[in-house]
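Shown next are two forms of a single protein chain, provided one at a time as structure tokens under the names structure 1 and structure 2.
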Structure 1
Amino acid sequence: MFFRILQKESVSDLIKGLAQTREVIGPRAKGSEFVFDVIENPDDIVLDYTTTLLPPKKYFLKSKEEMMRYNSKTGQVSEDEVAVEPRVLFGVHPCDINSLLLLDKVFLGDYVDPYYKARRENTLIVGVSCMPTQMCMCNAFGTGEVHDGFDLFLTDLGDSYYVTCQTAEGANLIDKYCETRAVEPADVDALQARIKKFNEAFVPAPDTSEIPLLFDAKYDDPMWEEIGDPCLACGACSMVCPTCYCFNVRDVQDADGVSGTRVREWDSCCFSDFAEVVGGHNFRPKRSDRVKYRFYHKQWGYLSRYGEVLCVGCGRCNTACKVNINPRRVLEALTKGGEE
């Protein structure tokens, strides 16, 4: 790993250079919000953005994708090579980089998802530092910093970026396409000042100690009805979540009635039919059951298998939920009580 200083005015050189060989995706404005989208003109990228509406997950686990073509008469199945043009995601926040590492554990684990894998392998990640908003709670999960999962990371020092080159490919690209200079002691001081400022900007994190234990201890607590009953069952929380990975698969028959396409689409455990089995039995019939399960899986289910919590504290669900169902509220309700 090595470090360079990149003047902000040189960022457009880097983007133009990257665009010669790959599609550049980055944050850009959409009304008062931000979205990850194709950057055709480097002036369109907004690197000091707050949070995008959807996380970069959409470029790896597509909201809807064709998995394979089938012929229902012969049973022949054909998959095209997962066609992915080389890409760079430019300007990804630490929480979102960490979310991809969590998805990797699922989709690149025992069973390798070829669609996810192809896109992951063809995508470079350039991270960028951020300042917390009122909704952010990565300070609760330690996901406000990254140690892995990127090629370059740009920490904002005002007029310049402190660039961490994590991979050789990242280092080569920055050398190739833009002017940088060596790090000087004053830059390190500025970096430290920036880290302090970042940490001080947070709303205090909720207590996360013993959450799995408290989850089971309070599994039948009335708090779940109170939090979960107003759920609109819209699934917005899952759609905007960088770590939600549930999907549904269905066959779409062609007009000829013989061949067709097997497609998968994002799903949400907050939809009423999510845990319903054939014959009609629903293992989570109530809205509050489903809301509870969503948090149970994130805070304990995933943790029990992979050793980490399935939440990076990006705050998107907090913004998207119309009825105030969010991890901060759940953690606060779980840790409430026990006062002397």
Structure 2
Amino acid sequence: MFFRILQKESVSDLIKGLAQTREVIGPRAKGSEFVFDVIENPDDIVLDYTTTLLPPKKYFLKSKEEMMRYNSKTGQVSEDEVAVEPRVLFGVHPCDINSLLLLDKVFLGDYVDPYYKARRENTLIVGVSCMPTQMCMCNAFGTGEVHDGFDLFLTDLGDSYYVTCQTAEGANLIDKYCETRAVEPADVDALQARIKKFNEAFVPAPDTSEIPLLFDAKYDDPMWEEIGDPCLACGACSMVCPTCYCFNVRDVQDADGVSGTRVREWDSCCFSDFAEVVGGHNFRPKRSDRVKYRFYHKQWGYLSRYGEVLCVGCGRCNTACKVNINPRRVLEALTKGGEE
């Protein structure tokens, strides 16, 4: 790992260079919001954005994808190959980089998902610093900074970026496509001032140190009815979440009634039929039960297996939910003794 200083006007040179051999994906404006999309013109990329509507997860775990074709008459099955062209995700916030590291534990762990693996291996990550909004809560989970999972990371110093080169490939690319200079003491001072400004910009977060214990102690607490009963079961929170990874696999039959396609698509534990099994029994028929399960998995279930919580505090679910169900509200209810 080494460090360089990159002038902001040189970012377009870096993007143009990367685009010679890779598809460049980055944040761009869409109306008043921001989305990750293919960048054809370097001028379209917006690196001082707040957050994107959907997380970069969509480039590794597709919202819907075909897994194979089948013919029930002949028994023939043809699996789809995962063809991924080299690409770079440019301008990813720390919380979203951390979210990919959490997904790696699931999809690259004991049972490797070939679709996810192929996309991860063919994607470079260029991170960029940000400033928290009122919705952000990464300070509660330690995900506002990142030390792994990227090739290059750009920290905004005003007229320039403090570039952290974590991988040899990232370092080679920045040296190849743009001019940089060595880090000077004044740059380190500016970096420290930037970090201080970032930390001071947060809305104070609830103390999460005793959260797993409180989840167990308050499993049957009335707060879950108060918070969860208004849920619309729309699944918006799961769709925008960078760490939700539930999916459904189903067969879509062709009109001939013989052949068809097996597809995988995003699912949500907030959907009414998520926990329904053959015979019609539903293990979580109530909206409040499903909301409780969602937060238990995020804050306790994943933690018990992987040692980390499955939330990076990006605030997307807070924005997407129309009935104000979000991590801050749940954690405050747990730590303050119920809904106020």
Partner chain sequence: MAHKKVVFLSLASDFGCQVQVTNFPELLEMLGSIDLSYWQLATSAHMPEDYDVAVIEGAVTTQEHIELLEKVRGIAECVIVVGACACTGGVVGLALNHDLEEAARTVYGKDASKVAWGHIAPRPVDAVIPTDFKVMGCPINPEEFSYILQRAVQGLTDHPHRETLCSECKINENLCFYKQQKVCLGLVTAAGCNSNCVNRGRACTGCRGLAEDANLEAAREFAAKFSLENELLEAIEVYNTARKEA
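Start at 1 and count along the sequence of structure 1; that gives the residue numbers used here. Heads up, when I say rigid core I mean the largest set of C-alphas that superpose within 1.5 Å between the two forms. Every value quoted in this text rests on a predicted model; they were computed, and no experiment measured them.
Since only one of the two is the form predicted together with its partner chain, can you say which one? Of the two, structure 1 is the form predicted together with its partner chain.
Checking Asp256 here: with the core superposed, does its CA move 2 Å or more between the two structures? The answer is yes, as the C-alpha of Asp256 shifts between the two structures by 2 Å or more after core alignment.
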